[in-house]
Every structure is written in C-alpha cells, then in structure tokens.
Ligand SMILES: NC(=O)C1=CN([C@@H]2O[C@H](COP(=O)(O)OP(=O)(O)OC[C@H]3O[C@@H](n4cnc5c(N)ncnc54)[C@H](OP(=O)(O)O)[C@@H]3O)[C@@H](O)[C@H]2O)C=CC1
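One chain follows as structure tokens, the form predicted on its own.
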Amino acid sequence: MLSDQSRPVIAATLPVVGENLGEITQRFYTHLFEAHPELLDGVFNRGNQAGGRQQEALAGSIAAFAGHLLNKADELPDQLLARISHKHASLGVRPEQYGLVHEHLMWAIVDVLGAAVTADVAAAWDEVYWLMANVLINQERDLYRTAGLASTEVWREWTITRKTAETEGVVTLVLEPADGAAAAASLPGQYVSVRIPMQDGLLQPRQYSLSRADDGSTRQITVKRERPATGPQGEVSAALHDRFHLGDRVQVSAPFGEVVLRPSDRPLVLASAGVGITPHAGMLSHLARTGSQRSVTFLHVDRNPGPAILQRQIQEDLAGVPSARFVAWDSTSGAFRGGSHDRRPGRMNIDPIALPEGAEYFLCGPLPFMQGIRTSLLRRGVSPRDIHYEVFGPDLWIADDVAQAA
C-alpha cells in the first residue's frame, strides 16, 4: 500500500498526471528506444508502438493502478496485474528491465510536467511505480518457476509441419519442437508468443491463441492477416502467411495467459466474433479430448464469406461434447448445420438466447463486440466475476474497468 506521506501527494497530482499520461508515455517510449534500440529486437511489438495502442495501454494501467492504491488501499487490482505479467512472461521480460523502464518513465514525467515535479512528487510517483513493478516482477518469477523456466529460456525453436488455409486471410499452422523434445502441455485458452525476423533483420514478437488442445508435442496457432500488411502493424502476420512454409522454423514461447478454463462442472458459454473463435476452439478441443460432460453453449458470429474458421475441427469437437450447442450468426452460420446447431441472420443478439443458470462466460473478438455482449449479460443479471474475456494486443479495456471499480 502507499505510504502515509505519498498518499496525499498522489491524490493531489493524479488528475494532472492522468491528463498528461498520453504525452508522458509517448515521450517515454521515444526516449527508451533511443537509448536502448535493442529492445525493439524481439521484446517490444513495434506494430503496437506505431498504432499508439501500447502507449495508451501503459498510460491507462499506471493511472488505474494509482487510483486503485488511493481508493482500495487493502487490495491490489489482481486481474490487471495478472494480465500484464502473463504478457511479460510470454516475452521473457527480466527483472532488470524494470529498472530501465523506471529511469526513462521518470525522465518523461519530468520532461512533460517540468517544475511541477517537486522532490516530493517525484518520490511519490517513484513509490507507485515500484509498488506495481515489484508485484509484476514477483508474479513473473512465479510464472517462470511454474513453467520450469528461467526468463532467458522462454523461447524455443519450433518447426512448421502443417499449414492450412482456413478462409481468405486466415491460416492455421501446426508446429513441432525443432529439437524433438516435447514441451509442457498448454492450458485451454492460453496463447504463445511467436518471434520471427523481419526484412530489416529485427525479430518481432506477436501473441497467438493456441487453437487446439495439445500435449506439448505439437502446438497449433491460427493467424489472421492483419491490415495494413505492409506496415509494422501487419508485418508478422503477413510474413507467416507469405514467407514461412513447411519445414521453416520459428521461435515460440512457452504458453501463458490467465484467461483459461479451470476444472469445473459449471455450464460454459463461449461467445466469439471472427478470429476471436481461436481460443474458444482450443477450449472446446480440450473439453472433447478429456471427455467433459460440461454443458457448452458456443455462440459465434462472422461476416467472412465461405467456410468458417477451424470449421472441420469445431464440428468434430462439438460431436465429442454431448451437451454442446452451437449458435452462429451471419454468413458463417451456413457452415454449421444439423443436430443442435442453430443459424441466425445478422449480428449476434444474445437477448433471445436461453442461457444456462450458473454459467461461466468467455468472450473473444473485437472490443466493441465484447463490450456489447458483456453489457447484455450484465443486464440479464450475470455477475461480472463470471465474465472473462481475451483481448488480442494491448488491453485498453481492463484499465478502464479497474479505474471505474476504484
């Protein structure tokens, strides 16, 4: 918790710092990469940097954490911290890198706010930073320990052994360890970071959900070609589509991610849009593989014409989960016919859908889609703690939730 001397300083300065955090984080990243360009080689995603999402996510996280310390002094924003620590672990972030971030972030605060940053103000925000950083360092250390790895051992080479076009602009890659030694099995819903060299020689990482249950002898990811494919925001997906083929090797992290299925007999509702179906396909695959008797309601919408993403796999796994029900909207709905599969026109509307009592909910897709579904669920009396969601890229939503809760 915040010290007695820092609490009033943070309370007084949070509004002005919050108003300027966007500029502060932008200056921070520019200054950091000028001093340490090596961090753009395999650690930071320059696509998120170019689009401004990383700066926005960092600013929101810092402001939310500071506000939480002020308003809920006896607890930490566990979901926010867990999401960040899992992402960091998937990139092999090391404790000493927090010192670099601290140095350049404090420089940026002074650079933007100038004389307003007195010694007391600097000391208070220094305390906030290290409270957050030390929690993350400890959580990441635990994640590495649980995975049986050091932070320097997160990456392994995997060989592409199968490449399948799912739809126009979406491919599925099956990977096997290049050294032939199996890895630990993933948990249903987890993701891996994939790191490959770009045309300029720099390694760039991206996170991809594991779209099928595995035992560690293979991994499966499903990759959508991002637009624009020629800029930093689409360079990795374009390379995986166009430059990497059977027999090629890629660097893959150990699996991480806190949005996972836990052992339970509660009913399960999965709601996805577009390529957001991938982590849910992995969850359904796990349920089918383990002979689960859980009641499953799988809701999906996709405007992409033609076959559905992972259509054959999902159909097989639906057959392997006796109580599963699949409801699809828009053009993809035609791909799932017969049995307990419903097809409906237009956008997903869950209001007329009968949902099981006491269910656990998992959402994945574009942020507006998830916000809309979550709003509908809350309106129907579903508890917020029973609604889990996965965001591809920096999470710009969770910090808002934490700030509102605080």
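In this text the structure is predicted, and so the values were computed from the model without any measurement. For every residue, the number given is its place in the sequence shown, counted from 1.
In what follows, reference is made to the form predicted together with the named molecule, a form of this protein that is not presented.
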Legend entry - Every residue of G47, P205 and E235 near the named molecule in the model of the complex, heavy atom within 4.5 Å: no
Legend entry - Answer range among 366 to 374, 350 to 358, 33 to 41, 63 to 71 for contact with the named molecule, defined in the model of the complex as heavy atoms within 4.5 Å: 366 to 374
Legend entry - Listed residue (L310, A273, I221, V296) with a non-hydrogen atom within 4.5 angstroms of the named molecule in the model of the complex: A273
Inset, instruction - Could you check which residue among S90, S186, S209, S285 gets a heavy atom within 4.5 Å of the named molecule in the model of the complex? - result: S209
Inset, instruction - Decide whether I109 counts as a contact residue for the named molecule in the model of the complex under a heavy atom distance cut-off of 4.5 Å. - result: no
Inset, instruction - Report whether the minimum heavy atom distance between V391 and the named molecule in the model of the complex is within 4.5 Å. - result: yes
Legend entry - Partner contact for V154 in the model of the complex: the named molecule, 4.5 angstroms, heavy atom: no
Legend entry - Non-hydrogen atom contact E140 with the named molecule in the model of the complex at 4.5 angstroms: no
